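Starting off, we have a lone chain in the form predicted on its own, written out as structure tokens.
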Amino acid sequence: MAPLMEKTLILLKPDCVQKNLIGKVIARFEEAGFAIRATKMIQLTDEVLAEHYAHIAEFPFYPSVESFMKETPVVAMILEADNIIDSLRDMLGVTDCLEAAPGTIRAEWGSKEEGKNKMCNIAHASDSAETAEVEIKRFFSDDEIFSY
């Protein structure tokens, strides 16, 4: 596959913040050659969460997702690199920490507790270029995104 410069959104979730892993996770991104184009710590609101998780908002487990995502501020970031969406998702590992491959961020630092292993998984990352474009606009204004 030819290189394709992409931007993607990542949210370092409350479990990442609570475990004091922000710096370690960001270091892994930088070591992989991902450029940070924007970053900020924010407290998520009910409105932003309802929009971000609209695809699961009708499920009975949604209130626990919303509650978890508001436990602490999250770190929102835009990262850029060739084919970053696939590369970043490979680095994170699958959503379920119990099934994530050894050496991935979720396998290493995500929750191993049944019932939390899919939600307390350190980070959210956009799953496609189209999703990334929408999610980036949800969390960042144009004047918060930098190129250098």
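From a predicted model like this one, the values you see are computed outputs, not experimental measurements. Start at 1 with the first residue shown and count on from there.
If you look for the form predicted together with a small molecule, you will not find it shown, but the lines that follow are about it.
Proximity of Val65 to the small molecule in the predicted complex: non-hydrogen atoms within 4.5 Å are present.
Put simply, Ile56 is close to the small molecule in the predicted complex: some heavy atom of it is within 4.5 Å.
Taking the partner from elsewhere, Thr95 is found to have a heavy atom lying within 4.5 Å of the small molecule in the predicted complex. By the criterion of a heavy atom within 4.5 Å, Met119 is counted among the residues contacting the small molecule in the predicted complex. Taken together, the three residues Lys13, Arg89 and Arg106 all come within 4.5 Å of the small molecule in the predicted complex, as judged by their closest heavy atom.
Only one of 41-49, 119-127, 75-83, 23-31 lies within 4.5 Å of the small molecule in the predicted complex by heavy atoms, and it is 119-127.
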